[in-house]
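Below you'll find only one chain, the form predicted alone, shown as structure tokens.
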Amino acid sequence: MEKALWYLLTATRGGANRARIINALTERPKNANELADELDVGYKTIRHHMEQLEDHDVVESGEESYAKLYFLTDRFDAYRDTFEDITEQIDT
């Protein structure tokens, strides 16, 4: 998971938005439309990032096909300190 977080947050252009998505989902589960509105990012961009985060087991979605909610995974929570360390380093 640590390598996946470094890749997702620093090795690709969308890292800053992925960090913002993770922070938004820390508050509560949200669907893609809510994330797009809150973060002022296009819906398709949010969907792209959600696919990347799901592929790396950072987020998981609920069962609904319409307005499906996204949750941070238990596996991500085990590496939350790593996430905090990475975001502190990329903010400086």
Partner chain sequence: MAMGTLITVAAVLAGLNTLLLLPLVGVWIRNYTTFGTGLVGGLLLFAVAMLAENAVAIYFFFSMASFYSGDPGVQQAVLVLRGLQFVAIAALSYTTLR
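As the structure is a prediction and not an experimental result, all values here were calculated from the model. Numbering follows the first chain given and starts at 1.
There is another form of the same protein, the form predicted together with the partner chain; it is not shown, and what comes next is about it.
Put simply, residue 73 is far from the partner chain in the model of the complex: not one heavy atom of it is within 4.5 Å. A residue is said to contact a partner when one of its heavy atoms sits within 4.5 Å of a partner heavy atom; residue 22 fails this definition for the partner chain in the model of the complex, lying far away. The partner chain is not drawn, but in the model of the complex it has no heavy atom within 4.5 Å of residue 69. Within this chain, residue 47 is remote from the site of the partner chain in the model of the complex, having no heavy atom within 4.5 Å. Within 4.5 angstroms of the partner chain in the model of the complex, the stretch 57-89 places a non-hydrogen atom from each of 86, 89, taken in sequence order.
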